[in-house]
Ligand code: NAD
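Below you'll find only one chain, the form predicted on its own, shown as structure tokens.
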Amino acid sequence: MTRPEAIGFIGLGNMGWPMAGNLCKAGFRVIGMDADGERQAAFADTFGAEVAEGAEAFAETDRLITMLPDGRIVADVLVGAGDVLRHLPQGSLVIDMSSGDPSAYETITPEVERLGHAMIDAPVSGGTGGAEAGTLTIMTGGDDAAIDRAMPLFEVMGGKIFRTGGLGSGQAMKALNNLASATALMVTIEVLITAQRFGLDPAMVNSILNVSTGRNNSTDKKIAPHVLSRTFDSGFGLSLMAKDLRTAHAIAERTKTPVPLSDLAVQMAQQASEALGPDADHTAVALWIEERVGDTLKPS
């Protein structure tokens, strides 16, 4: 009896692990790959999945998902040193769920077309919590027929799925979303420090913001559990936030859109990332802001 075609999944990090895990739980045959061999083996043990020791392991996959840090790495895995595209069966669908600059597809798509494959982009929002719960927002760009092929997978991993336009439009939407989100996070932290200096309790201020017009994703899901708790452990890296903001800024530049407030947000995120190092959580931007202000948030 012929084995069912597999779903390839490259990138088993904080987001990729639960996303691929949910596919396994839903009954899909998953072949996982990660640059960290120990993590790759642990994924197989945890979910009963297969693992790829090399690109040739994807010879039976009809759909391949990449969930990697940026477009440069995606390009390297698919058409560079990783050479994965060449090992896929003709007619495979490549689904890039990473977050990166859409310009990366200029390198990838000629090879996709030459080999007879199809490609869509489908970055996500919702964090590790959404990845674990299978409730991610998925922003997918590309040919409608190709997206239709991916829908059974998206319905396992996501709660809301948007078709954003052509290939790369999902990446643009994700980067712009993260620009709005990160800017809100940083200004909320500044508001809380200002409020504390005035004599207000920052925890109370955040609670009031959450039932007032100042509410945003950070007041709702980040400030209390990750900033005021001083744990800074949301699971999304500050370096990745800075990368996403640079991507959004590049899109603004390519579209000749003046974005003075965004200019400052990008600078702040980049400086904070450089100061706090590659392992810092994105909510730790609060530490960098506190150092610049010369005060620390101390909720009562």
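Counting begins at 1, following the sequence as shown. Here the structure is a predicted model, which is why all the values come from computation and not from measurement.
What follows is about the form predicted in complex with the ligand, which we do not show.
Segment assignment from 55-63, 265-273, 251-259, 27-35: heavy atom within 4.5 Å of the ligand in the model of the complex: Answer to the contact question: 27-35.
G13: touches the ligand in the model of the complex, heavy atom cutoff 4.5 angstroms: Yes - in the model of the complex, heavy atoms of G13 and the ligand come within 4.5 Å of each other.
Does at least one non-hydrogen atom of V51 fall within 4.5 angstroms of the ligand in the model of the complex? It does not: once the ligand is placed as it appears in the model of the complex, V51 has no heavy atom within 4.5 Å of it.
Although the partner isn't part of this model, could you tell me whether F236 comes within 4.5 Å of the ligand in the model of the complex, counting any heavy atom of the residue? F236 belongs to the contact set for the ligand.
With the cut-off set at 4.5 Å between non-hydrogen atoms, does S99 touch the ligand in the model of the complex? Residue-level check for S99: yes, a contact with the ligand.
Which residue, I108, M186, I73, L176, has a heavy atom that falls within 4.5 Å of the ligand in the model of the complex? The residue from I108, M186, I73, L176 that makes the contact is I73.
Of A182, A172, L192, V124, the one that lies within 4.5 Å of the ligand in the model of the complex (heavy atoms): After the contact test, the surviving option is V124.
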